[in-house]
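Form predicted on its own, single chain, as structure tokens, below.
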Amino acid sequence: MSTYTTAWKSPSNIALVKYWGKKPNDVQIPSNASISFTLNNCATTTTLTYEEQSTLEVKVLLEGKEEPSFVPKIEQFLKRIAHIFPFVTTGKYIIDTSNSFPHSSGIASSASGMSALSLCICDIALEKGLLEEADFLQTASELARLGSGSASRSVYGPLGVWGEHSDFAGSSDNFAIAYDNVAEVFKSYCDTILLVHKGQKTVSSTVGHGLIDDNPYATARFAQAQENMTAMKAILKSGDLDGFINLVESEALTLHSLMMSSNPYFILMKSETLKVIEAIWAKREKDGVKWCFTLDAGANVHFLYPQADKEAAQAFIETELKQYCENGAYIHDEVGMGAKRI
């Protein structure tokens, strides 16, 4: 019997062109391609201790406290990846994980968490001689996708692309790829997450994805997203900030309009979310700043601005936007370079 211990820190990510909806009869295959900024400060750190044994035993610690509710999802994940690494369905797992941000509040904790765990499992496979170093990140991305679709993108930086698209060479529905064919301004972009609501979401992303199957606008949305991927590629390469603002904000509002037109319908935004958006719009109209917002599947607002505007943008947060955050809380972040072994 052998025991393995490994640890990874993996970031969250924020999609610029959104993934919302999965192909029917497939496991975690997206209905459209997506592209995201990889974050730097919002991350999950996971230490995995794996001991070989004939049965499966899983223990999960979150912030040092045992969380039995996470065990079924981890066991389901291990079964999903067994066709890649059969050894995972037996053994004793102790998964000790912590986040640098509030869990389940719309900052893609499943993305950072599942990618960190997948990287740890790939480390064990590497030690067992079941994986080549050259295939490490792609395999980790594929494993992560089977746990949480957006997790596939968190393996890489500064951006990640997931979903097959003819304009992105090497792109795949099965795993994400790193993407860095972008203007310098986007390689150091800032993202301050305004924590409008730090509690758990009323509707999980898993449930939300399922509801789009019967959404009357789904087919048009999937086609729109593919077209927006093409447009975003050109915007990122040229450094077109006006084009970036228009497309990113449109994608954010489209995501939430899909939620509001689902059956049953639901709203994850709060009144403060709208107040933040309106304040950003007013500032841009008044002073011509190149600042914008995007939203993930939650109430919190990702406030995006170039590194060159950092001082002014963060002053604006203090004077105008902070008042709409729960207990005045926010997290300053920026584009990062992906996961790290620790």
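Only a predicted model underlies this, so the values are computations on that prediction, with no experimental measurement involved. Start at 1 with the first residue shown and count on from there.
FYI, the form predicted together with a small molecule isn't displayed, but the following is about it.
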item: Among the candidates Lys233, His197, His209, Lys187, the residue which, in the model of the complex, approaches the small molecule to within 4.5 Å (heavy atoms); value: His209
item: One residue of Ala297, Ile277, Val60, Ile317 in contact with the small molecule, assessed in the model of the complex (non-hydrogen atom, 4.5 angstroms); value: Ala297
item: Which of 168-176, 118-126, 81-89, 142-150 sits within 4.5 Å of the small molecule in the model of the complex, heavy atom basis; value: 142-150
item: Contact label in the model of the complex: Leu255 to the small molecule, heavy atom within 4.5 Å; value: yes
item: Ser110, heavy atom within 4.5 angstroms of the small molecule in the model of the complex; value: yes
item: Exercise: Ala15 in contact with the small molecule in the model of the complex, heavy atom 4.5 Å; value: yes
item: Exercise: Ser205 in contact with the small molecule in the model of the complex, heavy atom 4.5 Å; value: yes
